[in-house]
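A single chain comes next, written as C-alpha cells; it is the form predicted alone.
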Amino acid sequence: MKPSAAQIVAERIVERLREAAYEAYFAGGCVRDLLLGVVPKDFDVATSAHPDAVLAMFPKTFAVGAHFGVVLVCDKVDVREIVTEVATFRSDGVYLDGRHPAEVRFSASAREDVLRRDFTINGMMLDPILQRETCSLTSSLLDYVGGQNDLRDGIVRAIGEPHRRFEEDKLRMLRAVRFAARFDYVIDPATEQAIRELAPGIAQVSRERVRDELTRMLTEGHARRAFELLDRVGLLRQVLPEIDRLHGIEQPPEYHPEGDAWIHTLLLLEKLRAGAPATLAWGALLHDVGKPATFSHNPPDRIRFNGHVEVGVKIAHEILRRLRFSNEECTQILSLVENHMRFGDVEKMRESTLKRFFRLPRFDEHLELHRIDCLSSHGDLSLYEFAKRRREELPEEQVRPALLVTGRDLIEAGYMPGPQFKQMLAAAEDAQLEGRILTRKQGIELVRAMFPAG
C-alpha cells in the first residue's frame, strides 16, 4: 500500500523523535486500519517525549491538550498542510466526570499507555521505521492486549476491566457499538454486559459528543446494524427514546407489508450508503417519528396515522435541539420530515406546485429519502421515477425563473403595499410557472382581474 501524505508526515515526526532519543510509534485507529488494509484518514503518534519537548522540537505546533499530553504538529507535503496528533505516553488517575481523568501522569512506558486506552483493536502500536525496513506490519507491532487476535476474530473487546473503561469515558459505550457495526464484528460478552449495566450513564456525556457519534453510525454505511446493536444493549432508549417508541407500532399491511414502524425505519437505515449526507441520514431516521403519537385503528377501517407528519416535525425539532444541531442542519432535516409524504401527490400537482416542490433546498435528498422509503415498504417506485424524470426535464430557469411581476411593479400599477401583496405576487408567479403569462404586462393584467383596485 502506497503511503499517504498523512503517513509520510507521521513517519517524519517519528523519525525526528527517535533522533532525539525518544520512543515514538503510530498508535490507535491508524494501526488497526493498516492491519485491515485500509488507508487511514489520519495518523496519531504516541511518544515518550514530554509535551514541552514536542512543542520545542517542531517549528509549527499547537498545544491543544498539553495537560493531557496532546500536541498538534503541522507539516507539509507539497503544498498540503497535514496536522498530526502527537501524544505523550501516560497513565490516568481517577475519572470524576465520565470523560477526563482527575490526574494525568506522563510515562516512559508504551505498555502503560496502551492499558488506559479503550478497545484492544485500537490498542496496538506500530514501529513505522521497523516496518519500512522489514516490509512487515505484524513484526513491527507492539501488541500488549491481544488486539491482533481480536482484529482477526472480529471482536470488539474493552481493554482490561470493561466497567472501568466505560466509567472512565461513557462515550466508549457508543463507540463500541459503532466499531462493531462498521466492521461487522461482535461485541465481547463481558464488554456488552458492562454496556447494558452502565447504559443509563450515557446521560453524563455531552449532547454534542453523543450527536457526533450517532451521526457517524448513520453515515458509515452500516446504520441498520448500529441501531440494532444500540437497541440490544439498551442504549437506544437512553439516547433516542423517541425512536425506541417505534417498536411494535403496527402499520397498514397494504402499504407496509414489511412490518412495524421500527422494522420500516431499520430498512431505510440499511439503504443509507457510506458517506451519505448527515442530513439525509437523520431525515431517514426521523421521518416517521410522529407515528407512535398518532396511531389509530378503528376496525374495519385501516390503521391510520393522521397528522403524523406535523407531530413528527415537532418531535424531530425537540430531538435536534436536544442534540444541538446547527440551525442549517435543523432546517434541512425538518424539511425532509415535513415533505416526505408530498410525493404521494406529485403526479396530480399543478405545474406551479410541482416547480415549487422542486425548489426545496437539496431536493436530491428529498428524492433519495422517498426512494428508500418506497423500497422499505411497498416497493413501488413509480412516483419516484415520475418526480426524478420531471426534475431532470425541467431547466433550472423554468424552476426558478426571474419574476415577471415584482412588488415594485404592483406599486407602479397603483396598488398600495399591504397584506394582499403576498397573494398577488403568488398568483402572478403561479401563472408564470404554469405558462399562462409570458410578459410583465400580462402579469399585471392578471392581477388586476383577480384583485380589482379599491
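Numbering starts at 1 and runs along the sequence shown. Everything numeric here is computed off the predicted structure, so don't read it as measured data.
If you look for the form predicted together with a small molecule, you will not find it shown, but the lines that follow are about it.
Of the residues given (E228, D118, E112, E270), D118 alone sits with a heavy atom within 4.5 Å of the small molecule in the predicted bound form.
Proximity to the small molecule in the predicted bound form, taken as a non-hydrogen atom within 4.5 angstroms, holds for one residue of K41, H67, R400, R389, which is K41. Checking 246 to 254, 168 to 176, 197 to 205, 275 to 283 against the small molecule in the predicted bound form, the stretch whose residues place heavy atoms within 4.5 Å of it is 168 to 176. Within 4.5 Å of any heavy atom of the small molecule in the predicted bound form lies no heavy atom of R237. Contact between N122 and the small molecule in the predicted bound form is found at the 4.5 Å heavy atom cutoff. Contact annotation for P51: none of its heavy atoms lies within 4.5 Å of the small molecule in the predicted bound form. By the criterion of a heavy atom within 4.5 Å, R356 is excluded from the residues contacting the small molecule in the predicted bound form. Across the proposed site, R152, G154 and H222 without exception lack any heavy atom within 4.5 Å of the small molecule in the predicted bound form.
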